[in-house]
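For reference, the chain that follows is the form predicted on its own, supplied as structure tokens.
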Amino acid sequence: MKGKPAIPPIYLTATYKFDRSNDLIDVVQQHEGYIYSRWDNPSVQEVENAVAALEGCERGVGFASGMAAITTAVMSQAKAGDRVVAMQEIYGGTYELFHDILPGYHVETTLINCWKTDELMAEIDKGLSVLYLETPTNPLLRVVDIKPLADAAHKKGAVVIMDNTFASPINQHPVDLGVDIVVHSATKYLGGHHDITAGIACSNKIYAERMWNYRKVMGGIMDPMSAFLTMRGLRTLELRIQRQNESAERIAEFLDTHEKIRTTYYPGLPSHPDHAIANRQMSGFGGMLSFEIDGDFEQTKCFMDKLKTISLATSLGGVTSLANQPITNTHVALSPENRAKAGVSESLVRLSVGVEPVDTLIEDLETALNAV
């Protein structure tokens, strides 16, 4: 073949053949090469390397979902008798891991509201093995000042893990602020088209090797087709993020002055409580925002049902704009008391801004608000 493919092929193989036994033995012992796709796959390694480069890390580890990346990253660093400190405002699945699963393995978990910096510092000072952060938060877009927390955790010998899904590597570089392991739900911005389920964790080689070993045993590797589609998403990631940043800011400004909106949560607004931190540690404010309808649960449902261009769906970060009520899906696992602690009200709407014309999205929001 004289020409070479512009796009690398998908390696849809479960196993790999060898001409000599010694070659197979070398792969098993050195972890260089391929023997079985639960261990490694060329398509998966390509996207692992690409995301690691975007995050400024030495190595990436690909997973079957964002939650597989989170659980493996945390469990590779926390053993029985250890202590994990995390923010209260974490993704619902992560909350279940910390609240329901880890205590059963005798791992102590402490969750503190992310804006209570003094309390977080006090808990870190008590000693910990893992500090877990997520910023901007889901769904209120609170922005955590990463560096002082990471520095304090490192003084106690802890590993700092952070979910960077909402920001993406385009808007925020956690390793520059002291984070050791950066996790993503690649289902969201990295894939970008609502057609895969995948996760990535990036770190130095030592932490990555440990996560790789856990993944090999627990079996949560990314599949080759999802890896291929994530690579497709990465090729337009910066373009999409730039468009989503710009559109989200315009929509936030529109909602912030609307008579039927009680509160708008977007770190790009000067009124946002963490605007100064976001301005300092982010290069863009992201395509996610949330807002509270000036009404009750039923009125908010009415608003949701009137949306046409914006789809009623969970997930986020793709080319299509999506909206949901966190109380009905992303945070349904939380008790009413814990939802209140997280600031998730019955009239809260989360909006993931896609790449549609922004005027079309604003018109859709205006029409739905007029029906409330």
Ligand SMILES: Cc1ncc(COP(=O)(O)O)c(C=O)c1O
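Fair warning: this is a prediction, and the values are worked out from it, not measured in the lab. The first residue of the sequence shown is number 1, and the count goes up from there.
Missing here is the form predicted in complex with the ligand; even so, the following discussion is about that form.
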The ligand contact in the predicted bound form: D180, any heavy atom under 4.5 Å: no
Residue contact check: T165 to the ligand in the predicted bound form, 4.5 Å heavy atom: yes
Distance check, A198 to the ligand in the predicted bound form, heavy atom within 4.5 Å: yes
S345 within 4.5 Å of the ligand in the predicted bound form, heavy atoms: no
Option from 63-71, 305-313, 34-42, 321-329 whose residues, in the predicted bound form, bring a heavy atom within 4.5 Å of the ligand: 63-71
Proximity to the ligand in the predicted bound form, single hit among H272, K188, R215, R240 (heavy atom within 4.5 Å): K188
Residue (of Y91, F98, F291, Y207) lying close to the ligand in the predicted bound form, criterion heavy atoms within 4.5 Å: Y91
In the predicted bound form, residues of 122-144 near the ligand [heavy atom within 4.5 Å]: E134
